[in-house]
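This document opens with one chain alone, in structure tokens, the form predicted on its own.
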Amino acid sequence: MTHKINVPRLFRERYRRILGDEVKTLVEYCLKPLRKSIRINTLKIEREKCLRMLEAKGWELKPVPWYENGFWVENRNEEQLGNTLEHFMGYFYVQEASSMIPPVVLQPEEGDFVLDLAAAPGSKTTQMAEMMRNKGCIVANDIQIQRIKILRFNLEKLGVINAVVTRMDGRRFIKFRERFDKVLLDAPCSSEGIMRKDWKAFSRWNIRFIKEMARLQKRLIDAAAVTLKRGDVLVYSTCTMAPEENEAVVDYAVRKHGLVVEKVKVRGLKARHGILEWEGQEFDKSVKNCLRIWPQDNNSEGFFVARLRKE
């Protein structure tokens, strides 16, 4: 059942230019309640043991195909998920399935020195720590003290010991040249892709905010590109569908920093390629290698992911 709410005409018109008549399906999915999903935290418990515990309580779990420890929960609401003993103990983390994709694309390894430039509340930081088996080091940065408090709480609850937390404007990392093996920039954005969590977001939606965020994202990707070592990988992601915040930012990074957009295939994920033109601006052909994850394709949040290599 969809929710009755006014979807801005300009929103429909913008995405009709990319999707054609399929924009009707996009709007339908934007107004559907979001499927609940969790990520089992193998830093604290073996996956199979946690599955047995949850299934014994009557949970219906369906695997998220692109991440082995991700599961959709078919018969529980969000409040029940967060109020369980297993959640309190850090055995699982409530995380939207699309949010698990950027670390999968980055593929951090045990010995890596990783920068998570906009880390709070820690969903991807804790996932990367899990993938790295608590080895190597993650610098988890955010600018807002309240968000950092949540980040630190989540790191502690999930048993992460290979992360250090910094509070700094991410743009200032530009002074640390070629320090990190891998960088994740899950950028602050206009959040169009998560409207399924908050339908009121449609009433706040406007083009001016999208353009403001795009300017910030370009400054952040400047810092991310400079602080990355040569030959290594930066993943840029957003939870929005706006080309100004997605392909246009990647195109900017390609042209200014010479980054190479690598082609990515994620198991079990239906993703479409990046667009090559928007409002008269033509993007570098490599931008086609970006992943556009529309809500209707995987019954998930909307997301955008690009894997960029510094040569």
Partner chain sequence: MSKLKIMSEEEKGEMLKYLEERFGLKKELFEDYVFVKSGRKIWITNRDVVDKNFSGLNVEAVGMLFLRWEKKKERIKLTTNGAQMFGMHATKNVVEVSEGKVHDVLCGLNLYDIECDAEDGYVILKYKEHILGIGLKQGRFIKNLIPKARRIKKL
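Predicted model only: the values in this text are computed from it and were never measured. Positions refer to the first chain, counted from 1.
If you look for the form predicted in complex with the partner chain, you will not find it shown, but the lines that follow are about it.
Undergrad: Going by heavy atom distances of 4.5 angstroms or less, which of Phe176, Phe202, Phe209, Trp72 would be at the interface with the partner chain in the predicted bound form?
TA: Only one option qualifies, and that one is Phe176.
Undergrad: Quick one: of Ala118, Leu106, Val160, Ala223, which gets a non-hydrogen atom within 4.5 angstroms of the partner chain in the predicted bound form?
TA: Checking each option against the partner chain in the predicted bound form, the one that comes within 4.5 Å is Val160.
Undergrad: Mark Lys44 yes when one of its heavy atoms lies within 4.5 Å of a heavy atom of the partner chain in the predicted bound form, and no otherwise.
TA: Lys44: yes, in contact with the partner chain in the predicted bound form.
Undergrad: Does the partner chain come within 4.5 Å of any heavy atom of Cys137 in the predicted bound form?
TA: Yes.
Undergrad: Indicate whether the partner chain has at least one heavy atom within 4.5 Å of a heavy atom of Met53 in the predicted bound form.
TA: Result yes; Met53 sits at the interface with the partner chain in the predicted bound form.
Undergrad: For Tyr91, is any heavy atom within 4.5 Å of the partner chain in the predicted bound form, or not?
TA: Yes, Tyr91 sits close enough to the partner chain in the predicted bound form that at least one of its heavy atoms falls within 4.5 Å.
Undergrad: Among the candidate stretches 215-223, 231-239, 145-153, 186-194, which one is within 4.5 Å of the partner chain in the predicted bound form when only heavy atoms are counted?
TA: Among the candidates, contact is made by 145-153.
Undergrad: Let me test this: is every residue among Gly82, Leu85 and Val164 within 4.5 Å of the partner chain in the predicted bound form, going by heavy atom positions?
TA: Yes, each of Gly82, Leu85 and Val164 comes within 4.5 Å of the partner chain in the predicted bound form.
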